[in-house]
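Here you get one chain, nothing else, as structure tokens; it is the form predicted on its own.
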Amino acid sequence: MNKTIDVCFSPALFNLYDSQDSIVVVIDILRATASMCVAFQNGVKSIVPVATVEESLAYRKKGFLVGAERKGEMVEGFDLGNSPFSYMDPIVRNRDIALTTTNGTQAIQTARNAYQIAIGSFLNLDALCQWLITQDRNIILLCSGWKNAFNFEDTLFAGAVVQKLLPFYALTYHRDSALAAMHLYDLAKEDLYGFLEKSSHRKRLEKLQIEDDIVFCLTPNQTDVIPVMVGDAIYNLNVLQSL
């Protein structure tokens, strides 16, 4: 067994990992990666992740819908924010979207030199894992965290993936982060929402009165969408394979 799987708790630690020959799964459970999965489930053509609000807004001139979120809230003047429910609107179908978020799109920028970038959320957990099993590449699970700080929810998802893939992948020599993520997931898996009750990001989003978003983003296997990065944009792998 030559393929390995590892977990990076924060983009700030990503320079410690060898990603050039690896598939990097970017994780931002609350809520960017869930929103991306929902967007493709509802017919979005592509998502261009950008670092700044200004970059996103500039894409409007190119005919894109533009999305921006900061501190959990949609930035004024944009079409979309970071709620998965907003990406269920029929307006997104067959559209290209430029998106910037506080954490998720920043993590994608961090991983740009990877062999491949895929998007992971609880919504596409099983589909993502089934696809990863077929890939002959090492895997790095990159947690977006909150402004480069560790968070629970991304780590729990990473632990779920490690648990599912261990029969097919080996842990690296520096395995402690993968083991820690898996043990945390074991503790939380029967009640993810309850486990996160006192977590920083759940508290942050509760103040914005978006409990429904939290519950939705923690509900596994709502889609078989696998978003992957091709060039500067993210596409639905299922659509790419059907072309």
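All residue numbers are counted from 1 along the displayed sequence. Owing to the predicted nature of the structure, the values given are computational and were not obtained by experimental measurement.
The protein also exists as the form predicted in complex with a small molecule; that form is not presented, and the subsequent description refers to it.
Visitor: Tell me which stretch of 40-48, 177-185, 191-199, 65-73 has a heavy atom within 4.5 angstroms of the small molecule in the predicted complex.
Guide: Result of the contact check: 65-73.
Visitor: With the small molecule left out of view, choose which of T155, T101, N138, T110 has a non-hydrogen atom within 4.5 angstroms of it in the predicted complex.
Guide: Residue within 4.5 Å of the partner: T101.
Visitor: Can F78 be called a contact residue for the small molecule in the predicted complex at 4.5 Å between heavy atoms?
Guide: Heavy-atom contact with the small molecule at 4.5 Å: absent for F78.
Visitor: Is it the case that V53, even though its partner is missing from this view, gets within 4.5 Å of the small molecule in the predicted complex, heavy atoms only?
Guide: No, V53 is distant from the partner.
Visitor: Residue-level contact is defined here as any heavy atom of the residue lying within 4.5 Å of the small molecule in the predicted complex; does F168 satisfy this criterion?
Guide: Although the small molecule is absent here, F168 would stay clear of it in the predicted complex, with no heavy atoms inside 4.5 Å.
Visitor: Could you tell me if N82 has a non-hydrogen atom within 4.5 Å of the small molecule in the predicted complex?
Guide: Flag for N82 set to yes.
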